[in-house]
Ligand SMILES: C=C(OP(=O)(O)O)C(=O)O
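This document starts with one chain, in the form predicted alone, laid out as structure tokens.
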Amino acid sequence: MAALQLTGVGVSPGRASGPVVRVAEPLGEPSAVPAPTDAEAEAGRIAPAAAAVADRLNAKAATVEGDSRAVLETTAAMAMDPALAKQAAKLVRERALPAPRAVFEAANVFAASLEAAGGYLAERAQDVRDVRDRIVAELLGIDPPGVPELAGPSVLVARDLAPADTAGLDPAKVLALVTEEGGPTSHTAILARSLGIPAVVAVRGVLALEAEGLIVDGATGSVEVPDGPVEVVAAAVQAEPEWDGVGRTSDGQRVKIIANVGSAEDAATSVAAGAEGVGLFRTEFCYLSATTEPSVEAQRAAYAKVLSPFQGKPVVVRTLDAGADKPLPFLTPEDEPNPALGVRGLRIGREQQGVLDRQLEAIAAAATDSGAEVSVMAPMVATAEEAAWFAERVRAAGLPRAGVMIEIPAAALSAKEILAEVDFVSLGTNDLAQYVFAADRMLGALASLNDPWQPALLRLIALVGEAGIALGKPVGVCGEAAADPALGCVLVGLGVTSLSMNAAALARVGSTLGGVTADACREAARAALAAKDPAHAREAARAALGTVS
């Protein structure tokens, strides 16, 4: 029996138990005094401190592979970003701040810009804060916050985990992860799945527990405090799934298993993992550090590097998901009371058509250079009229296929009319969930509302699937929901024709789908749609699918 049970959002399946090790809280604000006696010398400390942090992260990256390595290398690159060091040094010189405080303030500005952007970019704000704390600790000569050395197998409990901390975990010692904050689309969730570590996020009240041990179920989201001493039990090791690289059900219904990418490194990792193509190529990387609009040639070269590994394969490129809330000077940002609901995505493309047309020109040229089978889709589309306008611009650029993201509830409700104007749609389940439930996906307190198993979300997806079937047009999912093997089967049962995800999930989703029939997927979908809440939806679908975890 459990003395107490808490519930969060299960993001990585498996059941494990063991003693608790608490991860130290992030560093507090460094002092703004005393002012340095030599501002130039103080400013000169920042770049070497950042380089030292990057060196340690790169050294750790060399010891791991896959997504973990990519995350550590990305965090190291962020530490070495000259824009951060330059801005911090400027604060030292102009405001006579100590270097630690200057780094703290400069990084907070970058993090706030990313959070204002919403969606995937907002999730990177935590990466910036992690880098900030590591550089500040280096400047102060103290140990950085993060996971302590583990003497033995343990359940880690934290407010949240930085991506670099999660990437460096040893699955032989970490029995499970439990966080008070975070959500189902966080890096902690993605990496825990890739490492095979059971994880539950958004467990409110877990930090206040005095428990010495916990029992964690990453499938149900249950976190139990046992009555007596806790037994050390590791989750059953899941064998690496066998998958032939072709997405289909056991009775032959074709479903593309493809990747989400945002860089050339992501593309290489996805090809190595067996991706049949790309369902979401995020192009923001080409713009975020730019002070002026990148030229067509610069964009062309950057896109071609990502597209080239997919020669002869389908790639869906999403146009710039930016707006007045993004730190892009050439888009003349304006203050908005609610940027998440403001001029962003296709809306900024309509206001500044030249920016969109030049991006489409660069994408078309990169498609020719790479030999990839490129389609283009727009973000933040709400109406059929917007979809028709975008499709006209895409075809004018000489690109053969135009689609749109379904991430606004109005678009899901108008899916048939929208699909009549374009060649395909792709569901961004992460944003769709937060708009459906009016729940910021970055807030741990609201994580349960952003659970992709929410029946209300599944019912909207079903409307889009029905429209795709009626019009004979493809419907993809490129949100994190596609990376859950059981939920992937449900999505197929709802009419989805392609599942796009992080590289680490490809083989498991492909293998799971290959073990069930299309009829079983449809039965699981019906069961999930009829459920009263995410837990019952998950349970009913898995029962219909049989052995799928």
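For the two forms, the rigid core is made up of the largest set of C-alpha atoms that agree within 1.5 Å on superposition. Computed from a predicted model, the values in this text were never measured in an experiment. Sequential numbering from 1, following the sequence displayed.
The following text describes the form predicted together with the ligand, which does not appear among the structures shown.
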Worksheet item: When you measure heavy atoms, are E73, D165 and G168 every one within 4.5 angstroms of the ligand in the predicted complex?
Response: no
Discussion item. Looking at heavy atoms inside 4.5 Å, which stretch does the ligand contact in the predicted complex, given the options 404-412, 195-203, 462-470, 103-111?
Written reply: 404-412
Practice prompt. Decide whether R132 counts as a contact residue for the ligand in the predicted complex under a heavy atom distance cut-off of 4.5 Å.
Written response: no
Discussion item. If we define contact as a non-hydrogen atom of the residue within 4.5 angstroms of the partner, is D127 a contact of the ligand in the predicted complex?
Written reply: no
Worksheet item: For D440, is any heavy atom within 4.5 Å of the ligand in the predicted complex, or not?
Response: no
Worksheet item: Can any non-hydrogen atom of E386 be found within 4.5 angstroms of the ligand in the predicted complex?
Response: no
Discussion item. Looking at Q454, S370, Q87, N430 here, can you tell me which has any non-hydrogen atom within 4.5 angstroms of the ligand in the predicted complex?
Written reply: N430
Practice prompt. Identify, from the list K256, R347, R282, R300, the residue with a heavy atom within 4.5 Å of the ligand in the predicted complex.
Written response: R282
Worksheet, complete the sentence: Within 451-479, the residues having any heavy atom within 4.5 Å of the ligand in the predicted complex are C478, G479
Discussion item. After a rigid core superposition, would you say the CA of P163 moves by 2 angstroms or more between the shown form and the other one, or not?
Written reply: yes
Item to complete: Explain in one word, closer or farther, how the Cα atoms of A530 and R193 are placed in the predicted complex relative to this form, where the distance changes by 3 Å or more.
Response: farther
Response to the item:
With a difference of at least 3 Å, the CA distance of I408 and H187 in the predicted complex shows the atoms closer
